[in-house]
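We begin with a single chain expressed as C-alpha cells, specifically the form predicted alone.
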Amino acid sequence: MKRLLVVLLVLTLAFAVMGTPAAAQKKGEPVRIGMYLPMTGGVAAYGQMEHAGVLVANKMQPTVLGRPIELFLVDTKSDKIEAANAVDRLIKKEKVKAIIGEAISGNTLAGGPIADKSKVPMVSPTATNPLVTQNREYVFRVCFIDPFQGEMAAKYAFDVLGARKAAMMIDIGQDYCVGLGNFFAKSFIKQGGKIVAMTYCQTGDQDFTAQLSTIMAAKPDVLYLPNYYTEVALTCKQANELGLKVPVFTADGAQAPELLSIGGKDVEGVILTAHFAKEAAVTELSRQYVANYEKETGKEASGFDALGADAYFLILDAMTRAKSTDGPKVREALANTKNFNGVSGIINVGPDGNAVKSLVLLHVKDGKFQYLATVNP
C-alpha cells in the first residue's frame, strides 16, 4: 500500500511538472490575428492605409486577455482569387483566431465564405456592399453599407444641390460600384429626380471621352461617380477638358490621397460620402488614435486607416467580452456589439453583421478633403 501511494505521488508530481510549462505557454502564447489586404495592385492605396491603421492600433493596444497579439499580413494583390487563397492560408497555415479584411467588397465576397465555413470571425474595415455579410454568420464590418450612402448622396444632390437630372458612370467590373450606383439611382428617382444618362466603364480604363460625350448631351445637373479613386480622378480631368461644368458627387471609394494627386485642380469641389473626418471625432478613442497616427506616420488620419483600426479594436473588444478567442464565442460577442466607441464613431452591430453608424460628407477644397457635415442613420 505504501509503495502504491509513493508511486501515485510520484506520478502526480510528474504530471504537474510536465503540465506547468504547457499551461504557462498557453496563458502567455500570442493571439494570432490575420489581415488580408490589397497591398499591391489597382486598389493598393486602400490596403496600405488600412494596414497602417491596424499597426497604429496594435501599438495602442498590443495585448488581449493578458496575451500578446501577433499580426499576420497576406497581400491579395487587389485580386479575388488571391483574396480567397489568402484567407485559406491565414486559417490553415497561420492558425489565426480572427481576420481583418478585405478592403473592397468583391474581394471580401471571395474570402468571406472560407472564414464562415471555418468559423473564424472576419471583420472588414470598408467592404460596403450588402452581399458581403448576407448569409455569413462569421463575417462582419465596421463601415456603413451602400444603401445608406447611396440614399444620402441622392438626398444631398436633390435637396442641397437642387439637382433634378443626374448622369452616372459606373465601373461594371466592381461589385461595389455596380451596387452603389443602383442604390443612388433608385433613391434619386424616388426623391423625384431623373437619371438622364447611364454610362459604364471598366477598372483600368484611361479614356472616358465617349461616356462623357453622352453625358454632356443629356445636360445633367449632377454627375455621380460611384467608382474608385483612379477612375474618378481621370474622369474629372477629362470632364473639365471637354467643358462639362456640373457638380461631381462620388463616394467612400474615392477618399484616398491618390484622388488628389492624380486629379489635381480638376477634382476641386468634388463631394463625397465618407467614413471619417477628424473634425467630426466624437469619441476619446478617436482623439487618441488621431494623435497616435499622426505621430507614427507623419500623415493626417483618414477614413481607410481609421476603419482598419476600428476592425482591430472591435475584434479585441469582442474577445474581451467573450473572455475567449474561441471562434463561435467571439462571433456571438461581435454580433451583439452595442454602442462601441470606435475611432470612426459609435458602432452598433446587428446579427446581420452590419454596422449601424453615421457617415460624413466631405468635399475637396484647396487640394484637401474637408469636412462638410455628419449624417446619422
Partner chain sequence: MDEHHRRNQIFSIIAVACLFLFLLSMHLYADDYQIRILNNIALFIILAVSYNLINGVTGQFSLEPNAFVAIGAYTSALLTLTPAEKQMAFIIEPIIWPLSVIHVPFFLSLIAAGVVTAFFGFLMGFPVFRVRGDYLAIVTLGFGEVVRVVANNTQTITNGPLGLKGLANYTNLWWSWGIAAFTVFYIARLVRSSYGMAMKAVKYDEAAAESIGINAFKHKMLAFTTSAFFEGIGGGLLAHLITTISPTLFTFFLTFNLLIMIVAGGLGSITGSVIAAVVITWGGEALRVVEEPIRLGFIEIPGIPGMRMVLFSLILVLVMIFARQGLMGTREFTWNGLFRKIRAWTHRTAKES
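As the structure is a computational prediction, the values presented were derived from the model and not from experiment. Residue numbers count along the first chain shown, from 1. So that the term is clear: the rigid core is the largest set of C-alpha atoms that superpose within 1.5 Å between two forms.
Quick note: we don't show the form predicted in complex with its partner chain, though the next part is all about it.
- With the partner removed from view, the residue among Met39, Ala322, Leu316, Ala335 that has a non-hydrogen atom within 4.5 Å of its partner chain in the model of the complex turns out to be Met39.
- Of the listed positions (Gln191, Asn182, Thr209, Asn292), a single one reaches within 4.5 angstroms of its partner chain by any non-hydrogen atom in the model of the complex, namely Asn182.
- The shortest heavy atom separation between Asp88 and its partner chain in the model of the complex is within 4.5 Å.
- For Gln149, no non-hydrogen atom is located within 4.5 Å of its partner chain in the model of the complex, even though that partner is not displayed.
- Using a 4.5 angstroms limit between non-hydrogen atoms, Lys117 touches its partner chain in the model of the complex.
- Put simply, Ile81 is close to its partner chain in the model of the complex: some heavy atom of it is within 4.5 Å.
- With its partner chain omitted here, the record of contacts in the model of the complex names 69-77 of 240-248, 281-289, 69-77, 160-168, defined by a heavy atom within 4.5 Å.
- With contact defined as any non-hydrogen atom lying within 4.5 angstroms of its partner chain in the model of the complex, the contacting residues in 114-148 are Ile114, Lys117, Asn129, Pro130, Leu131, Gln134, Asn135, Arg136, given in sequence order.
- With the core held fixed between this form and the one not shown, Pro147 has its Cα displaced by under 2 Å.
- The two forms, fitted on the rigid core, differ between this form and the one not shown by 2 Å or more at the CA of Asp175.
- In the core-superposed comparison between this form and the one not shown, the C-alpha atom of Ser118 has shifted by less than 2 angstroms.
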